[in-house]
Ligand SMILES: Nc1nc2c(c(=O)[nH]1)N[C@H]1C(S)=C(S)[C@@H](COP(=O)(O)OP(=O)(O)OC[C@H]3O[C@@H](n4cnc5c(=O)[nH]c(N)nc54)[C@H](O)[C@@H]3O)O[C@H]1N2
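Shown below, as structure tokens, is a lone chain in the form predicted alone; questions about how it binds or moves come after it.
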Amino acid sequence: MSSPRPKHDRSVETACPLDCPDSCSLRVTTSAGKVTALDGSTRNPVTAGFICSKVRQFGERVHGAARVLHPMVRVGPKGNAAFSRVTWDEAIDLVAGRLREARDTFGGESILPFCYGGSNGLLTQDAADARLFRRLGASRLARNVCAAPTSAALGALYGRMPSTTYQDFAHARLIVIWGANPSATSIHLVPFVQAARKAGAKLVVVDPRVTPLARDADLHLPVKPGTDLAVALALHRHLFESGGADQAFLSAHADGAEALRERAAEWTFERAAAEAGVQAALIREFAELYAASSPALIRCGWGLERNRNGGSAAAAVLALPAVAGKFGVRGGGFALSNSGAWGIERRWIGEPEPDTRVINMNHLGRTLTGDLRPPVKVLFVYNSNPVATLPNQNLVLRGLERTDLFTVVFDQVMTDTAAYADVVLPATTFLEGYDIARAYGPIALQVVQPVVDAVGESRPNPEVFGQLLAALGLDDGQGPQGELETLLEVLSCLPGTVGDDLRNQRQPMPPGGLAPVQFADVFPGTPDGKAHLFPEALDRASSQGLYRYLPEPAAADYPLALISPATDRTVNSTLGELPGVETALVMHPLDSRARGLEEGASVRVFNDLGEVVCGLSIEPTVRPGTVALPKGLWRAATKNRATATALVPDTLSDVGAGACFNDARVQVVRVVD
């Protein structure tokens, strides 16, 4: 591992810690202290030397016009992005003083740290920051905007058992891509799917859109948003009633099959088809193909969780390999997340979590505008851009406009949220600092190291939170004091020899290996080692009961389902500041003709929560009755500075209390000047 920061022009190998399953290894070329080229390296064999176009342009973020170069304090109204430069000492003193004042006057729970997946590195979140907010007794944040329903389902059914990894897709004879678009969100999976196809594998895609893989699939089910549960239960019913259920496997390795069978019993192909808006014959063909194929592999994505039935849908999809007996062979089972494959526990925090209140991040607007006691008086935002990512955008904005709310935004660039801050602190990017990147598609763990010096006065997360600990008198001197010391502390806390292997640039090995076969190399992490297909705790926790389908919300005035899929332009909202093509709503030709709309028209997309004014793109890539705006848009991307989240209700999914982005229902009309 190289310890000093580079001083001369050169190429450096590092890794990408952004919120993407792949975690590419990178080769970065610099000249005169600036990033001049960014490409893939072969250190991670799964990412195989190529990278996405998003990260290829990351140098434009590092050196771009939106970069925050020094600490700033607000001098104008909130939302106007008018700031005055201050020193780091002044900024730290101001922030520490307001944290102390809020704690002493209103209690620690009046402080809300707000962070998510702007970086998935082990140093940039839940390290020194966690020590600071735990010692302050701050409110805890439920980070449920993404992956909460699927994580709850995976944990309850299989105890976060590692997934089938990318390289084993090539061994499958049937691949099901359910609620995912790897061409935009995990591009390194696509070659393995293509290799399987060349070897004769069938491909099924379940998605409201015609994604690139759906275009070439043997079977595409363009289901209505929110109806995946109905289709999955119809598959279960077929397996149980046709003799396709593997009774020997269920007896030896699972429980809860009978309860699952009872909940699935009413879901005939015809009933599921009526809910999902597809032909019953398509669901039957899918069910028969899945039952007959081996190895059969389901890639369960995060798209199917983004609705009122999301947790049950994920559980039903994940239960299919157990019922059908698809485990125990290479290329069989399911793929979801491998984040738990290393068994990493964040022992480096060194501070117990206090029993303070928990605030669901999806309810930030409610939290900031409601009658909460104590009220949130200090909001500290980092690794996140809530204005761009959270439901009910207009309510979030109203909360951020509160004059009695002190908001700190610690970020790399001037985000939509930073425009409402009282203090903006400049953060380093992953090309300017150390971190540990953990993939959750492939199984990989890599050290991230700086390729250029910190731009302007930007500082890494561990250093800034360490300075705040010291300024508040909460630093006991026992924890690491900076970024490099934090890296060494984290390495020392990793299980087994993983830390030593990373330190010595060796490939670390998780307990189940880098390409485990489920129910052969790895088994459920449940207390009894079995798959629990009907976890009673999950059933009790569900707002409507596990596997119980909640129909589409009635919305006569708003007949179109709005989805906000990921694109090849941003990683969630990261890189949303970079210029691009003006955003357009995607609509099926049948829906545009019914409204008298033509390609390129300016349209108003609206419901009771808000409106978005943008251009129109007419494409048959979305199913009739469904329209799409990209995920992660910044406000400048539309004509009225509102994005899809302005139309999304802040209701919660049945399991996991996740966001229901795909439950947005809208109407679309022409904009008349």
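We number the residues from 1 along the sequence you see. None of the values given here were measured: they were computed from a predicted structure.
The form predicted together with this ligand exists for this protein as well; it is not shown, and the discussion that follows is about that form.
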- Message: Tell me which stretch of 151 to 159, 467 to 475, 405 to 413, 264 to 272 has a heavy atom within 4.5 angstroms of this ligand in the predicted bound form.
- Response: 405 to 413
- Go through N385, S458, N338, S139 and name the one with a heavy atom inside 4.5 Å of this ligand in the predicted bound form. N385
- Go through V498, V517, A217, V145 and name the one with a heavy atom inside 4.5 Å of this ligand in the predicted bound form. V145
- Message: Can you confirm whether P21, S564 and T645, the three residues that make up this candidate site, all sit within 4.5 Å of this ligand in the predicted bound form, judged by heavy atoms?
- Response: yes
- Item | Contact label in the predicted bound form: Q481 to this ligand, heavy atom within 4.5 Å | no
- Message: Contact with this ligand in the predicted bound form for S163, defined as at least one heavy atom pair within 4.5 Å: yes or no?
- Response: no
- Task: Tell me, yes or no, whether R623 is in contact with this ligand in the predicted bound form, where a contact means a heavy atom of each within 4.5 Å.
- Result: no
- Item | 4.5 Å heavy atom contact, A427 and this ligand in the predicted bound form | yes
- Taking only heavy atoms into account, state which residues of 557 to 578 are within 4.5 Å of this ligand in the predicted bound form, ordered by sequence. I563, S564, P565, A566, T567, D568, T570, V571, N572, S573, T574
